[in-house]
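Below you'll find only one chain, the form predicted alone, shown as structure tokens.
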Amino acid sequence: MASSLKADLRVSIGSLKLKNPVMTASGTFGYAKEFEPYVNLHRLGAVVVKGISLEPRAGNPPPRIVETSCGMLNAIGLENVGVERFVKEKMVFLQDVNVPVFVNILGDSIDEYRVIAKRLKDVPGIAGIEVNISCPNVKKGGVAFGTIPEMAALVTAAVKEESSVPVVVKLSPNVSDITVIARAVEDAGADAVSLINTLIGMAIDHKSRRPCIANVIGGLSGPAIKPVALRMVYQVAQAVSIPVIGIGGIETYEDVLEFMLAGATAVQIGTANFINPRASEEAVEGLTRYVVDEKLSSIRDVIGGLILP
């Protein structure tokens, strides 16, 4: 059985050591407790909880999820319990999971990011912060932090200033050149970057002539975006010296290997969790078999190993 095989799957994200490169993606794994009946959480490299804001958010009205060709479109609206309830209620379970927990944070202003990071500082069980910079800056007319290098850098610096754990910045693909944003957050102190967040898309019901989701537009995820994600991970890995965490359409261990060959140190599995709750654990099992079968000294040998024509 895969569980009896011995393989070195360890990777590092900043100063944090992960037992393997398989993480869960924010917004697809709840607060982890929801998946406990289906997944052996202890076998994962890390868990990334759904985005946390300063105050609780109810999210967008339904319908807010629709299946698309080879993917999923969502406009959840970042529904969450807010940082205070998260610390007091959700961390009670998470601090005993025995797996590194990354808290994804979001805000409408730089000050909000700073306050959330400060509230999370030194909370037992939090191993890292993932910063969602795809959110709109309400003080700047709704422009997403992640689309302007200077704004992305300011958010990164603010969170780093208040954090005692590694800070990962989650990059938006909805930009003309993602490497520019990646370099900006690296220069501002980011310990790693994760990419890609969802692509902007929409779906229409031709029978009713109405949008399929109430918000009209939403974020596209799933296998449909994998080629775009792979390309961007490859480009960013060439542009920065900090670890890159790949996200986008990853379902199997073979997908994980593709992202690692493109330069990713670790990956996050997202939409696949809705189809197969055990996708992340199965990916770990597959990587274990791969390292053993290929007689590799470590899964780290795969990182950036793409052979170009």
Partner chain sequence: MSQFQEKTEITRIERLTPDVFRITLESSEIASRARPGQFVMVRTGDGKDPLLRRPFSISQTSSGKYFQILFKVIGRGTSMLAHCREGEYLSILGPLGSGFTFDCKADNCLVGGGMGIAPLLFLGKSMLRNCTLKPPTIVLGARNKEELAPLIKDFKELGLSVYPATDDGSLGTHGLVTDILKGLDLAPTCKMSVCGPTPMMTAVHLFCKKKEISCQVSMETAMACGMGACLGCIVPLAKGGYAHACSDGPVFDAKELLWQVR
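Predicted, not measured: the structure shown is a model, and the values here were computed from it. Numbering follows the first chain given and starts at 1.
Absent from the display: the form predicted together with its partner chain. The rest refers to it.
What is the one choice in Ile76, Val165, Leu154, Val99 with a heavy atom within 4.5 Å of its partner chain in the model of the complex?
Filtering the options by heavy-atom distance leaves Ile76.
Does any heavy atom of Glu67 come within 4.5 Å of a heavy atom of its partner chain in the model of the complex?
Yes, Glu67 is a contact residue.
According to a 4.5 angstroms non-hydrogen atom cut-off, is Pro56 in contact with its partner chain in the model of the complex?
No - in the model of the complex, heavy atoms of Pro56 and its partner chain never come within 4.5 Å of each other.
Can you tell me if Asn273 lies within 4.5 angstroms of its partner chain in the model of the complex, counting non-hydrogen atoms only?
Taking the distances in the model of the complex, the answer for Asn273 is yes, it comes within 4.5 Å of its partner chain.
Even though its partner chain is not shown here, does Phe35 get within 4.5 Å of it in the model of the complex, heavy atoms only?
Result yes; Phe35 sits at the interface with its partner chain in the model of the complex.
With the partner removed from view, which of 40-48, 275-283, 257-265, 238-246 is the stretch that lies within 4.5 Å of its partner chain in the model of the complex, judged by heavy atom distances?
Among the listed stretches, the partner-contacting one is 275-283.
Suppose contact means a heavy atom within 4.5 Å; in the model of the complex, does that hold for all of Pro62, Pro223 and Glu251 with its partner chain?
Checked in the model of the complex: all three residues contact its partner chain.
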